[in-house]
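Taking the form predicted on its own, here's one chain by itself in C-alpha cells.
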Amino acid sequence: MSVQVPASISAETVERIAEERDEPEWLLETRLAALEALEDLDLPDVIQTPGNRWTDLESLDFESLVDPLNQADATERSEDTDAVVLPFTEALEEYGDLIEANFGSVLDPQENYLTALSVALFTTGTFVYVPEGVDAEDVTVRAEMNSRSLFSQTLVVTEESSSVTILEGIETGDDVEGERYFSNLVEVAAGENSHVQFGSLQNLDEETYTYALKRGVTDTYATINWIEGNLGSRLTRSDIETDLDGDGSESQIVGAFFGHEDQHFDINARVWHRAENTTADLVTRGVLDDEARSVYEGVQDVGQDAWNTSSYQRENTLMLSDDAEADASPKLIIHNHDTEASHSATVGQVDAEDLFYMESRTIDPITARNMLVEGFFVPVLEEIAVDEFREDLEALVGERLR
C-alpha cells in the first residue's frame, strides 16, 4: 500500500529547492519524477512472519515530520586530501557531467517511497571523486542536524586503481526540539581495481526517525567495504548493500548497534554476487537493553554466473534485559553450485558463568557486565581498520554503558 504524500510537498516546493541551489535541468527533472512517483510507491519491505510485521514504518507521520523548505545542517568536510570532496551544490558546478552520469546509476531514486521522497527533497550531501591511480587520504564528513527534517545525498565515484576511506558521522544539534526525520542515501560507483571503505556512525537523539540506504557497485577487482555503527535514533532503518558486478571483486559489511530504552533497529545487510571469483563477508553485532528491539536481515544472493563464489555471514545479538527483543533472518540464495557460503545468527544473554567468575575476582557486577559487553564488540572492532572510527565507536559504547 502506497503512502499519502504530505500536503507540504508539491512541484512548487521541489522547484524552489532546485532554484535556490541553482541546479541543472536534469536534476530538477529527476526530482520532479521522484515526486510524481510517490503516489504509487510503497514503503521498503520489512521482515514479516504470520501475524507479525516487525517494523512499523506505516505509522510514521510524514505530514508532521517533513518540513522541506526549512532544512538546516552544519557539515564539516575534509579539505586536505587528494580526492575531490565537495558539497553537492559546488560539485554540480565543476563536475556536473560526471555527477549526471552516475547519479541514480547505483540506487534507483524511485526504488521505494522513502528513496523517492529523499531524492525529491534533499538539500545537503557530499560528492567524492577519486581520479585514476590516486590513493587519497581519509575523507571525513561530520554533520549536525539542525531542523525538523533533513534529507542527505552522497555520491562516491572512484576511477581505476584508486583508493579512499570515507568516514561520516551524524548527530543532533543543540537547539532542535520535537520529533524529527533524517534520510541518508549513499551511492558508491567503484571503478576497476579501486578500493573504497565507507564508515558511517549515526548518533542522533532519540526523538529522531532515521532511514539510511547505502549501496555500492563494483567493477572488476574492485573492493567496497562498509562499516556501520548505529547508537542513536528512536527508530532506525538501515540498509547496506553491495552489487558485486565485476569479476574478482569483494565486499565486507561490518555493523554494530547498541539499543536501550525503547529504541528500535531494523538492520539489513545484502550482497549480490553477479560475477566470477567474488567474495563477501558480513559481520554484525548488537546489544539490547531495557525494552529495545532489533530486527536483522542478511542476504547473500549468488547468481547463475557467479562461479567460484565465497560468501560468509554471521550476526550476534546480546540481550541485557528480559524485556528486550531481537529477531534475525539470515538468508542464502544460491543459483550456482560452485559456491562456498555460510550464514549464522544467534541471540543470547550475558554468560552467567563468565559473570560469576569476574565477580568472584572482586569485580563489581556492573563493571563485570560492562567489560563483557565491551568484549562482545571486539570481533567487530577488530574488523575496523580505521583507528579514528574504531575509537569513536568504542567511546560511544562506553558512554552508553555508563
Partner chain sequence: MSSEDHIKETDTEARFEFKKEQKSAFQTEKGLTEETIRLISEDKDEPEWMLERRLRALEQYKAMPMPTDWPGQPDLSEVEIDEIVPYIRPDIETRGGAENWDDLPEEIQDTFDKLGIPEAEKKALSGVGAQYESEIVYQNMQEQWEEKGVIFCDMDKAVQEHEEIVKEHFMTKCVPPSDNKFAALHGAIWSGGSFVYVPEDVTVNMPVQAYFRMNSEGMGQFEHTLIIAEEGSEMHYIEGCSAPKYSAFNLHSGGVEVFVGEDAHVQYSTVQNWSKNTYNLNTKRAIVEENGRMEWISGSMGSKATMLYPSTILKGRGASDNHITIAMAGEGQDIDTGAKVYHNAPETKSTIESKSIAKDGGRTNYRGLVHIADGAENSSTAVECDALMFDNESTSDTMPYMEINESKVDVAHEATVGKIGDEDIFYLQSRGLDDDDAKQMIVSGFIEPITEELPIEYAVELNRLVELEMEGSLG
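These figures come from a predicted structure and were not determined experimentally. Residue numbers count along the first chain shown, from 1.
There is another form of this protein, the form predicted together with its partner chain, and it is not shown here; the text below is about that form.
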The one residue among E325, D281, D219, E144 placing a heavy atom within 4.5 Å of its partner chain in the predicted bound form is E325
Checked N70, S64, T367, T346 for heavy atoms within 4.5 Å of its partner chain in the predicted bound form; positive is T346
Looking at 314-322, 229-237, 264-272, 246-254, which one sits within 4.5 Å of its partner chain in the predicted bound form if you count heavy atoms only?
314-322
Taking its partner chain as it sits in the predicted bound form, is I333 in contact with it (heavy atom to heavy atom, 4.5 Å or less)?
yes
Even though its partner chain is not shown here, does H337 get within 4.5 Å of it in the predicted bound form, heavy atoms only?
yes
Classify F376 as contacting or not contacting its partner chain in the predicted bound form by the rule of any non-hydrogen atom within 4.5 angstroms, answering yes or no.
no
Report yes if any heavy atom of I47 sits within 4.5 Å of a heavy atom of its partner chain in the predicted bound form; otherwise report no.
yes
4.5 Å heavy atom contact with its partner chain in the predicted bound form for all of S105, T126 and A136:
no
